[in-house]
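Given as structure tokens, the chain that follows is alone and in the form predicted on its own.
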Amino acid sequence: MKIVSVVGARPQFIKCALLSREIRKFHKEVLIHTGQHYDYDMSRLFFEELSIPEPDYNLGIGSGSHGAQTGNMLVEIERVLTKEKPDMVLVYGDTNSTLAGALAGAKLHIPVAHVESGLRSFDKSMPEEVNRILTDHVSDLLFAPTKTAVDNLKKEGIKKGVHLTGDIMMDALLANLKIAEKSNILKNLEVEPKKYLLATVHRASNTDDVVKLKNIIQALSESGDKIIFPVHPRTEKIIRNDKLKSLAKGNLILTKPIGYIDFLWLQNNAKKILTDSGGIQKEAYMLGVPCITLRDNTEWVETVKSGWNVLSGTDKKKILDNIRNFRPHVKRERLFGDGKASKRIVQIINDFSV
């Protein structure tokens, strides 16, 4: 069977690294990189360190408004699918690349498989939420990482083609943690295990609102804790243009985006993690690191219910209070599977092709 896989953003590269390897044992895969993340530190570095196969097509779409970016991707992906005539289109997550790939496949009557189906934040003001819902409703195979995701799909009337597989990010974490032990990132940044916090901010809802971003940076600065802050290109641009760097005091270590292996080791050794990323909330839980989410909601509700993740939004007082006082008091359950999601997904694809 010929499978076209569509990726475009950092979390998708990580998932693709393992799943592509498994897919290629049984099928011919054609890999499309939309170019949604195109900066070296956000794209090429991940392909190199995770040994991801070279994309067969790099569409080079780049940034832009949601409509323009998604529309341009849809046109170009459709062109590739018309040429390649695959038996299946496989998409990951909830980005504009995800939606464009799913729509292109569905419009051409090609079966669509969605990795990480069923996630819901129940906030349609988030572009990602719209992408998730639309992608799930045009997909033929829906690979749900958790029981909650399966339940969400059932509530929307989606039962056919739904499979509880576990989470590929657990596969990636287990496969790469031993490698990460050799990382020199702690030494390079001059920090000791469990004596620093790790922070990331990249969502447009936070970066495009200067008041929210200012609240976050002020909270981090006033905490007094040593905080490593890898700065997303979008965030860096806003900080520079609005002169927010002056708020970043000596306790903040601002760096360029960091590759997956080094970042995994930073997460593993952090005292706490502050983030607006869905994937990092999940990885924090897998690693047993308390997480403070800089959003008012999350698609990973299981991590909050478990007591290992807390929603602080962008309220400076809440962020500071959680930095100082948030402590999980319950044992973590195995929410995200056993690290064999990739094998399960490929077996389901094999059975689908029969």
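Residues carry their position along the shown sequence, with the first being 1. Everything numeric here is computed off the predicted structure, so don't read it as measured data.
Note that the form predicted together with a small molecule isn't included here; everything after this is about it.
Asks: Though only this chain appears here, would residue 202 touch the small molecule in the model of the complex if you measure heavy atom gaps against 4.5 Å?
Replies: Heavy-atom contact with the small molecule at 4.5 Å: present for residue 202.
Asks: Tell me, yes or no, whether residue 258 is in contact with the small molecule in the model of the complex, where a contact means a heavy atom of each within 4.5 Å.
Replies: Yes, residue 258 sits close enough to the small molecule in the model of the complex that at least one of its heavy atoms falls within 4.5 Å.
Asks: Counting only non-hydrogen atoms and a 4.5 angstroms cut-off, does residue 283 reach the small molecule in the model of the complex?
Replies: Residue 283: contacts the small molecule in the model of the complex.
Asks: Taking 4.5 angstroms as the cut-off for heavy atoms, does residue 14 touch the small molecule in the model of the complex?
Replies: Result yes; residue 14 sits at the interface with the small molecule in the model of the complex.
Asks: Looking at 111, 279, 161, 86, which has any heavy atom no more than 4.5 Å from the small molecule in the model of the complex?
Replies: Comparing distances to the small molecule in the model of the complex, the residue within 4.5 Å is 279.
Asks: By the heavy atom within 4.5 Å rule, which residue out of 217, 274, 169, 77 makes contact with the small molecule in the model of the complex?
Replies: It is 169.
Asks: Whether 120, 298 and 336 jointly form a contact site for the small molecule in the model of the complex is the question; each needs a heavy atom within 4.5 Å.
Replies: Not a single listed residue reaches the small molecule in the model of the complex, so no.
Asks: Just to confirm the contact call: exactly one of 340-348, 6-14, 326-334, 19-27 touches the small molecule in the model of the complex at a 4.5 Å heavy atom cutoff, so which is it?
Replies: That would be 6-14.
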